[in-house]
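First, one chain by itself in structure tokens, the form predicted alone.
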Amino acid sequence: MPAPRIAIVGCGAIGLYYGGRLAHGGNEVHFLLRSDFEHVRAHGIRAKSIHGGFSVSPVNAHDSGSSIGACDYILVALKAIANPALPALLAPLLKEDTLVVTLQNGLGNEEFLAEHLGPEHVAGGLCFVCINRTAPGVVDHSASGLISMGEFGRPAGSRLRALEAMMRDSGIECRTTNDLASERWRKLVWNIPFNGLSIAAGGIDVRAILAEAGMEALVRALMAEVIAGAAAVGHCLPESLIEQQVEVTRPMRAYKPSSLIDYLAGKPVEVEAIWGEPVRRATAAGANLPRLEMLYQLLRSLTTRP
């Protein structure tokens, strides 16, 4: 039986790191690149990691999906703001039983893919990891690393469990879940306050956020609102998650969340996927989220100024 073919669509920090781990583990991985195509084709991928650095060279680097062809798995690591381009990007990579796993942040990504590809093709993954792309083809992995994966609207099946096994064999901490929607809200408990406040407070890292008592209190209050929002739409997350997420953040030191990096670089920020869609869904279900609503409106203003 032929070895599974894996495509990585979106080769920023997440795509390079997890795709690189899979390739380093001996899997057939193809990377669809844009601006870094020539560099990665010539120099490969390098990763500094708390779990041991690695490099991959040569790399199956491509600048078009048609040169990759049909794949068994597609890992989507583009920003959610690029979703309108995904149907065309993915079309040459699809076959009857391809599983598309979106590793994107926020809410609504699986629904978008299901609408355009069919729900039977769609799964999602939550990357609980501190990782930054520091140069073309180079990533720095400084904390955590777990991927939690589930299929869209159904329990995890054999295709996803086979991908989980490949990831584990490649040194990636991975688990499957039968409740992908709850996992999406679980990750928002961290993403909403830390990504949002890092921008709203003037471009500060997570250490600076937790260094000031008032800011830490705001982090905790925002986390409580995310948990309340999740409960309003049917996902019960424990209150203990607040303390757990704060404490797991302290060792991250001066880590800059991905949304802050995009904002400082003048790139679009995933405001609607990470803040807007959770607000809309939770308030429609009757939740009262005044701090989260205020943060969302502030981020909209900050990221749309000329």
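Quick caveat, the model's predicted, so the values are computed rather than measured. Note that residue numbering follows the sequence shown and begins at 1.
Absent from the display: the form predicted in complex with a further copy of the same chain. The rest refers to it.
Engineer: At 4.5 Å between heavy atoms, is His24 in contact with a further copy of the same chain in the predicted bound form?
Structural biologist: No - in the predicted bound form, heavy atoms of His24 and a further copy of the same chain never come within 4.5 Å of each other.
Engineer: Classify Leu295 as contacting or not contacting a further copy of the same chain in the predicted bound form by the rule of any non-hydrogen atom within 4.5 angstroms, answering yes or no.
Structural biologist: Contact with a further copy of the same chain, yes.
Engineer: Decide whether Glu212 counts as a contact residue for a further copy of the same chain in the predicted bound form under a heavy atom distance cut-off of 4.5 Å.
Structural biologist: Contact with a further copy of the same chain, yes.
Engineer: Does Ala230 reach a further copy of the same chain in the predicted bound form if we count a contact as any heavy atom within 4.5 Å?
Structural biologist: No, Ala230 is distant from the partner.
Engineer: Which single stretch, out of 71-79, 203-211, 161-169, 94-102, brings residue heavy atoms within 4.5 Å of a further copy of the same chain in the predicted bound form?
Structural biologist: Heavy-atom contact with the partner occurs in 203-211.
Engineer: Check each of Ile147, Leu197, Val139, Leu113 and return the one that places a heavy atom within 4.5 angstroms of a further copy of the same chain in the predicted bound form.
Structural biologist: By the 4.5 Å heavy-atom cutoff, the listed residue in contact is Leu197.
Engineer: Pick from Val129, Leu218, Leu117, Ala181: which has a non-hydrogen atom within 4.5 Å of a further copy of the same chain in the predicted bound form?
Structural biologist: Comparing distances to a further copy of the same chain in the predicted bound form, the residue within 4.5 Å is Leu218.
Engineer: Note that a further copy of the same chain is not shown here; using its position in the predicted bound form, name the residues of 262-291 with a heavy atom within 4.5 Å of it, in sequence order.
Structural biologist: Read in sequence order, the residues that approach a further copy of the same chain (within 4.5 Å, in the predicted bound form) are Pro290, Arg291.
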